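Shown below, as structure tokens, is a lone chain in the form predicted on its own; questions about how it binds or moves come after it.
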């Protein structure tokens, strides 16, 4: 197995960090790696905000569900889907050439929202891999969407930009076990979709239960299936559709 695969297969979420700062050179390398990710039609429809001011971090910590590491991690990046920049560029080009066969940018298309979301996700994964290759660890913060409007106001996001996730990064102060992913037989098939392998899922649930018992020294005993069921029974972020529509997304 080569070093790249070893790095990818050893990913763990890191939530505790040392006091060591992340150098500006490392930050630039991480951002450059993020920008090297694949992007639909070369749109590069995302923006990355490096949040440094302590007062902003403190507020974001609360808005993200009171996750302490949002405030204390040496580096906190917010990845946003961004088609505001696309709109500005398209309008500028249309005006420059007198709209010679070009129409101005049209807001609200669902496909544009998908492109921005995928672009940001690809960039985020590249950023995490780059950080891990430099000896850092981190965790993705989906809680950035808990209070999406408040986060947008705090970071002064214009219309057609929305916060998708954050990434906490720093030098690890913990060494958790790697959490096993679903069996290949459940997520991978050839030529056609495969129905859920119930037997493989049952065995996986037992292994995840054993993992939690070991990691928490018996304080937690849960299966993957049960934890997912609990999540969808409680966490829905019902505000997201209205929020996205107000920001110019998902109108058609």
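Quick caveat, the model's predicted, so the values are computed rather than measured. Residue numbers count along the first chain shown, from 1.
The same protein also has a form predicted together with another copy of the chain, omitted here; what follows describes it.
Residue 95 versus another copy of the chain, in the predicted bound form: is there a non-hydrogen atom within 4.5 Å?
Answer no; every heavy atom of residue 95 is more than 4.5 Å from another copy of the chain in the predicted bound form.
May I ask you to check whether residue 69 falls inside a 4.5 Å heavy atom distance of another copy of the chain in the predicted bound form?
Close contact is absent here: in the predicted bound form, residue 69 is far from another copy of the chain, nothing within 4.5 Å, heavy atoms only.
Can residue 88 be called a contact residue for another copy of the chain in the predicted bound form at 4.5 Å between heavy atoms?
It does: once another copy of the chain is placed as it appears in the predicted bound form, residue 88 has a heavy atom within 4.5 Å of it.
Does residue 83 reach another copy of the chain in the predicted bound form if we count a contact as any heavy atom within 4.5 Å?
Taking the distances in the predicted bound form, the answer for residue 83 is yes, it comes within 4.5 Å of another copy of the chain.
Looking at another copy of the chain in the predicted bound form, which residues in 7-28 have at least one heavy atom within 4.5 Å of it?
Heavy-atom contacts to another copy of the chain in the predicted bound form: 7, 8, 9, 11, 27, 28.
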